[in-house]
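Only one chain is included here, represented as structure tokens and corresponding to the form predicted alone.
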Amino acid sequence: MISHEPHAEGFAEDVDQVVSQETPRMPMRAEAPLDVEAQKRPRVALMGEFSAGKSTLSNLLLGNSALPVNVTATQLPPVWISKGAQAPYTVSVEGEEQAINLEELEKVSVHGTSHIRIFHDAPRLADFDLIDMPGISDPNMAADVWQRMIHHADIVIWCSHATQAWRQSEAAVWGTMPKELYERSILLLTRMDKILSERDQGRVIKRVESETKGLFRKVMPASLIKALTAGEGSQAWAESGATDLVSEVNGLVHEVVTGKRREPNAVSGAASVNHDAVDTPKARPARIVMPTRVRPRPLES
């Protein structure tokens, strides 16, 4: 199933509310340590506001949806997806596991659930785990729902709708992220096909690059629906920006594993230097003045 998230005009910006749907919980053992192979795999977190394209991006990276047809990650706590065939389970904020039926994910209580672990046989999951975060502007999600998971991430792909790229609420939340993530993160401008003129597209990219200088490794445009419709390896896939995106993600994964930049990719031709990993950038985000209701709590690095 391909989840096409509708564009919502005027995203809700109250991130301090939470919906509590209490369900019976059966205490289980604390979350077991990751196996050796899992410890080697970097974790790529998908973040951004509601309806920015995270579910579509997840489908693109995995080849298909890891969730049932009637469920999207926007309705859930963070969903941690790993390669394998194990049974899914939830992990409470206390570290207790509870078995869950994938067809009953809508019963998972956002309140008190740290994340959901599911397993999927997508080829790219051999190289990295995927953590699909809920939308930061969803009024039904408290900020701590994603804040308590961000320390697991090695890489972040932040999705921002191109027609409203890099909103004030996005800048405020990203400013609370651990600074060591900046150099290992991508700002993905989704739905670039909604901006019809190449000149206007260029203006958006230039503005966002200026406003986010030092906050991301790279700003990249993409038309995710176009990529999914075309299929990997096609000309339309490359034109959508998917080829460059996948190459950049592969490079970041390689960098996390080895501590060094990857050599230039033969497909994309992207310039890259093979040297020791870059230190955390010194640049800090500009101070954003926001209403108290939408200012998330700062995170410790």
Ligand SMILES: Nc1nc2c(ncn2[C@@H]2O[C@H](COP(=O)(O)OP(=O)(O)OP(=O)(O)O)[C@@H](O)[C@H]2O)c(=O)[nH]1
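All residue numbers are counted from 1 along the displayed sequence. Please read all numbers here as calculations on a predicted model, not as lab measurements.
The same protein also has a form predicted in complex with this ligand, omitted here; what follows describes it.
Novice: Between the options Arg199, Lys194, Lys213, Arg207, which residue brings a heavy atom to within 4.5 Å of this ligand in the predicted complex?
Specialist: Exactly one listed residue reaches within 4.5 Å, namely Lys194.
Novice: Identify, from the list Leu130, Ala222, Ile155, Val219, the residue with a heavy atom within 4.5 Å of this ligand in the predicted complex.
Specialist: Exactly one listed residue reaches within 4.5 Å, namely Ala222.
Novice: Work out which of the listed stretches, 120-128, 184-192, 166-174, 98-106, brings a heavy atom within 4.5 angstroms of this ligand in the predicted complex.
Specialist: Only one stretch qualifies here: 184-192.
Novice: Is Glu49 close enough to touch this ligand in the predicted complex, meaning at least one heavy atom pair within 4.5 Å?
Specialist: Yes, Glu49 sits close enough to this ligand in the predicted complex that at least one of its heavy atoms falls within 4.5 Å.
Novice: Against this ligand in the predicted complex, would Thr243 count as a contact residue? Criterion: heavy atoms within 4.5 Å.
Specialist: Outside the cut-off, so no.
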